[in-house]
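Just the one chain here, laid out as structure tokens, in the form predicted alone.
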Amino acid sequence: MAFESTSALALLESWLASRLSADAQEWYNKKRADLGSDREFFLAFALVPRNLGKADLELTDQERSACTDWDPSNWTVDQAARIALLLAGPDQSFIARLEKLCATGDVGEQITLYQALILYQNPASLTQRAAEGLRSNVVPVFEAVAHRNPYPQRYFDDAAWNQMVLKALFIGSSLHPIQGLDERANEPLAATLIDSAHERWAAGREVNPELWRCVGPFINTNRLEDVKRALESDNPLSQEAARLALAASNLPEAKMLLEATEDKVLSWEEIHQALRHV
């Protein structure tokens, strides 16, 4: 679901209205009415947590149903209020304010800003800003763009998408929360991931089982040997991931190899959950 900034603002403010105390709502309304001044906006943005708190939004099923492919289930009250204030300001000030906040904000502020990319005006113009978030060495900031966020799937070209997936594996971030992971799988990504697997094997290092998810639809005769190596590894999660990759392939030899193994037991969701506890 695509959001116009005005409808996103109305949605956020409806959530806030049912969660804020009378005093907190009065504070928000006062700041909301005085967003023409950059000074007042940045001051209000900084003071949101102190005045509104950081409680989880804890959206109801009905509230979540308004979001479709956008997932704010992990958002907090202060995050929703900060984005609402940003969206409520003058259109001509939006980009400059966003850029300044991203450049100077602390980790918590950057997470807030990047996870809301899909709600901003003209989101297609913000791919470079999104890429800056992915370049962060702070994993939660990277994941604010990459995880539970429809922005990359909708607006990244293949090169940017593939770089995001590769970096996620490199920094130990899970692939499963990346929206559109299966839909955006592509041949160049599969080739890059196979090269990455070879490098890790050559260095005597483990290959993240999730890697095979993006390889499965593009298994060819050469890659079949790589998947077979994962299938025969000592890591049960790698074995399960290899079975799932084989099941996603149309290569007859892959189907034959899958039939010769035990039936797969785990899903990608279950592999993701298991890896979180390794």
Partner chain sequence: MSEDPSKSNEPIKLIDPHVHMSARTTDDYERMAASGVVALIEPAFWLGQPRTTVGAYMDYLSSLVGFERFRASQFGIHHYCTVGLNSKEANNEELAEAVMEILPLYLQKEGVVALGEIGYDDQTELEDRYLRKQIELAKEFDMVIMIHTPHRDKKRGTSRTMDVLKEHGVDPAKVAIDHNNEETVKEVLDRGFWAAFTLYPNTKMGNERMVEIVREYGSEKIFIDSAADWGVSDPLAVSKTFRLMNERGITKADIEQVCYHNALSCYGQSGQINEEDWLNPLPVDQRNLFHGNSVLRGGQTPRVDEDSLIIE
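Residue numbers count along the first chain shown, from 1. What you see is a predicted model; the values in this text were computed from it and never measured.
One more form of this protein exists, namely the form predicted together with the partner chain; it is left out here, but the text below deals with it.
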Note to self: I'd like to know if Leu43 sits close to the partner chain in the model of the complex, meaning any non-hydrogen atom pair within 4.5 angstroms.
What the structure shows: yes
Check: Do Glu143 and the partner chain come within 4.5 Å of each other in the model of the complex, heavy atoms counted?
Finding: yes
Checklist line | is_contact(Arg50, the partner chain) in the model of the complex, heavy atom dist at most 4.5 Å | finding: yes
Check: Using 4.5 Å between non-hydrogen atoms, is Val107 touching the partner chain in the model of the complex?
Finding: yes
Note to self: At 4.5 Å between heavy atoms, only one of the stretches 135 to 143, 122 to 130, 151 to 159, 182 to 190 reaches the partner chain in the model of the complex; which one is it?
What the structure shows: 135 to 143
Item checked: The single option of Glu253, Asp34, Asp56, Glu26 touching the partner chain in the model of the complex, heavy atom within 4.5 Å -> Asp56
Checklist line | Interface residue in the model of the complex among Asn74, Ser196, Gln163, Ser93, criterion: non-hydrogen atom within 4.5 angstroms of the partner chain | finding: Asn74
Next item on the list: Assess the spot marked by Arg64, Lys228 and Val265: is the partner chain within 4.5 Å of a heavy atom from every one of these residues in the model of the complex?
Entry: no
